[in-house]
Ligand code: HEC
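Below, in structure tokens: the form predicted alone, a single chain.
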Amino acid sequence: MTKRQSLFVFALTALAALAPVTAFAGEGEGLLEANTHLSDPASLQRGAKLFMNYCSGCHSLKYLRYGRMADDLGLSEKQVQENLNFTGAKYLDHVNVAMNPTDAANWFGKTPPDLSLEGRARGPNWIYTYLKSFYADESRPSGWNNTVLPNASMPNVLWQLQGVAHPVTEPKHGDEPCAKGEFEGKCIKDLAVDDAHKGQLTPEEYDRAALDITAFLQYAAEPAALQRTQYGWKVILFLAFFTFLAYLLKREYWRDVH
């Protein structure tokens, strides 16, 4: 195979590898950009605190252990057991919930799903947008609805932080579907928290909280990603050094031929 043919094969391989990424990037239109950073341990620690305090009562992370989480996020065993473990589980146990599955099915219609792989299944943009898309809806059993996942059984467990959002509507035009769903026969244009229903956090602080939870769920779906980012630059340096050695070896072998 000639040098030109080798370059052509390499280019085709690269394009084939990028094709799925390009196709996936076009999905999920209308979602907010999360821009999470797994290299930010403070964000992951805040996300773990928020998840354990507001979400772990219903949702488990059955593929993640408390001990692994402590090691990855730079937390001590005492910090985890006293501040993040509310089920009495052992340090090396998985993050499960104390809620009885039968009770959960009676309260919510079905048992809340495990969120271990939610970061990979949904993606960070979906999770971030979902956490910011709850609004009050008295027609729903929980009193809440969501523009990203309409008629979801889950209530807005973060309402004390965010406040109570209400939909800002506009008239519906014919049979054209509403981009963010309908509310009382009108299209939802936006969601807003008025002064009478403010939360404990400012809008900017709540955005940060939603990003922290998103980052933590992204980490929980693939804890090895933290190590991969730490080792990535070392691997690249090794490959560059190895390529240089291979080049010198090639010159030595072919020196007498040319």
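Since this is a predicted model, take the numbers as computed values, not measurements. Heads up: residue numbers just count along the shown sequence, starting at 1.
Here the subject shifts to the form predicted together with this ligand, a form of this protein not shown in this document.
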property	result
4.5 Å heavy atom contact, residue 217 to this ligand in the model of the complex	yes
4.5 Å heavy atom contact, residue 89 to this ligand in the model of the complex	no
Residue 112: touches this ligand in the model of the complex, heavy atom cutoff 4.5 angstroms	yes
Touches this ligand in the model of the complex: residue 131 (any heavy atom, 4.5 Å)	yes
Region of this chain that lies against this ligand in the model of the complex, out of 177-185, 151-159, 79-87, 164-172 [heavy atom, 4.5 Å]	151-159
This ligand in the model of the complex: contacted by all of 55, 58 and 126, heavy atom 4.5 Å	yes
Heavy atom within 4.5 Å of this ligand in the model of the complex - residue from 32, 213, 221, 70	213
